[in-house]
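Heads up, the chain below is alone and in the form predicted alone; it's given as C-alpha cells.
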Amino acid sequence: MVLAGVLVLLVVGSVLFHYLSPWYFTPIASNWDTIDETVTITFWVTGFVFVVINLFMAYCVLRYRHRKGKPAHYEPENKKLEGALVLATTLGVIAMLAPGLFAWAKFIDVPKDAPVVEVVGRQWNFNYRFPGADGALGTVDARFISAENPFGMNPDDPKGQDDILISSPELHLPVNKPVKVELRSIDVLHDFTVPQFRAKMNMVPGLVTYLWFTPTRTGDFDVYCMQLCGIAHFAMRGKVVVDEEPAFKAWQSSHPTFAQTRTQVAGDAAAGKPLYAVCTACHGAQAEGNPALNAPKLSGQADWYLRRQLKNFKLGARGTHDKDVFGKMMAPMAATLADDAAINNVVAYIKTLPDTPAPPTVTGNAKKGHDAFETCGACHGADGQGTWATNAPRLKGMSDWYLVTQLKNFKEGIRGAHAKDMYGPQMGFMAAILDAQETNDLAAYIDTLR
C-alpha cells in the first residue's frame, strides 16, 4: 500500500514540477524552433511512458499484493502482450527519432548565401576569423601556430591575407542573416554552444566541423564549451553580440586582417628607452619593481602580456574600478603611450633589461602551496614560466606581493570583471577557489621556482 502511494506521488510530483518549475529553456534567439519542437515531442513520449508505467506499477502493487490463500499465477509467455509491447515501443521510438532526423536534415543543409565565420577553440578561450573581401577563408596549418600567428594562418596563401582576425572571445553577428560557423580546435576536444540559438557542435582537433543558424534578435548571448576540455573547462566562455548590420560592419572593420598583423613593425628598444623614463619612477631603472610604490617587477615578463595590460589600462579595462587604488595610478601612465607603436617600443626596451628574480616577501607554507599550484600550472606552466597559448603570464621570479594583491582583486571583482577585459573573468573564477592563507601559501611556493 505504501509503495503504491509513493509511486502515485512520484508521478504527480514529476508532472507538477515539469509544468510549474521556473527552470526551462532560455528564450530562443534563432531560427531553430525545430529543435525545441523535437525536444517537446521527446518530453511527451517519455513523459507518457513514465506516467503509464509508474501508475501501472502502482496498480499492480495494490491489485496483486500478497494475500493469504491466493497464490500467484505463473504465466511464462504471452505472445499477445509481447507483440503489443513491441509495437508500442517501436511507435514510441519512431515518434522520438523521426522529428530529430528531419531537424538534422535541416541542420546540415546550410543556405547557399550564408557567409562563413570560423571559431577557433583552445584551452581555454574562443577566437574568431572572418573571410575578407574575397569571401573565402585562407588555409591554416598547425605547424604555423605561434605567438605571432595564433590562428596558424598559411602565410603563402593569398586567400588568407584579407582574413579578419578576432583575437577576442567576443563575436559579433548581424541580425536576421544566416551564418555558417566552421569550428576548429588547436589542442583538445572542445564544443561551441549558445543556448539561446539551440545550436551546438563539437570542435575536434584535426577536423573542421560546422553548424548554422540565423540570429533573430539583437542582444548579448553567452558562449560555452560543453565538452570537458581540462582543468579550466568551466571558465571557457565567450560572447556573441547580435547587432544591426551597420553596427556589425563597424565592429568588423575595427579588427585587423592577417596581412595587417604581419606588417606591424616590431618594437624599437632604442625608441622605447625615453618612453620608459616615465615608468622608472615607480618600477625602477631596471624594471625590478618597488613594493613601497606598489609597482611590480616588469623585467622578464612576456612581451605579449605587457602589451595587453598596457592596452587594458588605456582602454579602461583596468584601473577604473572604484577600489582599484593602484590601478588608477597606472592608468594615466599608460595614457602617455600614444599608440600601439609606442607600447611596442617601451615593451621592447623592457625586454632588454636584466631579469633578476624579485626577492621573496610573502610568508606562507610552500609545501601546501604546491598543491594549489597544480591548478595554476595547467595554464601558467609546470614551473610558472607562463604560456601564451593559454593567455597565462609568467609567475616565477616575479613580485610575490603583487601576485597576492591581484589574486585578491580577481576574487573580489576589482579586476577581471570589466566588459573589455576579455580574459580576466577566467582568472576571476580561478582565484575564487583560494582563501587568504592559501593565496600566501601559493605565493610562497612560486617563490621557490627560480
Partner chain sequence: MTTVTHDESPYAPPAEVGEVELYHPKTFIGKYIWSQDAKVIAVQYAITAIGVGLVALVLSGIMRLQLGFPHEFSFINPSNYLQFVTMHGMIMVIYLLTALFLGGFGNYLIPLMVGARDMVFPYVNMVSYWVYLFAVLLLMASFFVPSGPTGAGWTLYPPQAILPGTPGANWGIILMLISLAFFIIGFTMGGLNYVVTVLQARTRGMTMMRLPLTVWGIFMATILALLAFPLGTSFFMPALVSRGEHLGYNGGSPILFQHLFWFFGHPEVYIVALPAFGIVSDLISVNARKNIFGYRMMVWAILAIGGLSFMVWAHHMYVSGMNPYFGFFFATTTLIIAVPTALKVYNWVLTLWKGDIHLTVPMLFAIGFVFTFINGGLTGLFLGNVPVDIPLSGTMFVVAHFHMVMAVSPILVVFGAIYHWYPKVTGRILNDTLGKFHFWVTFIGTYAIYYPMHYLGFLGVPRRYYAMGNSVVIPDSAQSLNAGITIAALIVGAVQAVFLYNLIWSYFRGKPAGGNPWRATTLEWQTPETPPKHGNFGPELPVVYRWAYDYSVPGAAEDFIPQNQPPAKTPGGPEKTLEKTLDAAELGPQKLDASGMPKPVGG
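In this text, rigid core is short for the largest set of C-alphas that superpose within 1.5 Å between two forms. Bear in mind the structure is a predicted one, so any value in this text is a computation, not a measurement. Numbering follows the first chain given and starts at 1.
What comes next is about the form predicted in complex with its partner chain, which does not appear here.
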item: Contact flag, A436 vs its partner chain in the predicted bound form, heavy atom cut 4.5 Å; value: no
item: 4.5 Å heavy atom contact, F234 to its partner chain in the predicted bound form; value: yes
item: V120 within 4.5 Å of its partner chain in the predicted bound form, heavy atoms; value: no
item: Partner proximity in the predicted bound form: K79 to its partner chain, non-hydrogen atom cutoff 4.5 Å; value: yes
item: Listed residue that, although its partner chain is not shown, lies within 4.5 Å of it in the predicted bound form (heavy atoms), from T375, S167, Q264, N290; value: T375
item: Among the candidates G152, P115, G100, P256, the residue which, in the predicted bound form, approaches its partner chain to within 4.5 Å (heavy atoms); value: G100
item: Which of 167 to 175, 139 to 147, 354 to 362, 317 to 325 sits within 4.5 Å of its partner chain in the predicted bound form, heavy atom basis; value: 139 to 147
item: Sequence-ordered list of residues in 64 to 98 near its partner chain in the predicted bound form, where near means a heavy atom within 4.5 Å; value: Y64, R65, H66, R67, K70, P71, A72, H73, Y74, E75, P76, E77, N78, K79, L81, E82, L85, V86, T89, T90, V93, M96, L97
item: Threshold 2 Å Cα movement between the shown form and the other one at A88, rigid core reference; value: yes
item: Did E77 shift 2 Å or more between the shown form and the other one, C-alpha, core superposed; value: yes
item: Flag for L97, CA shift 2 Å or larger between the shown form and the other one after aligning core; value: yes
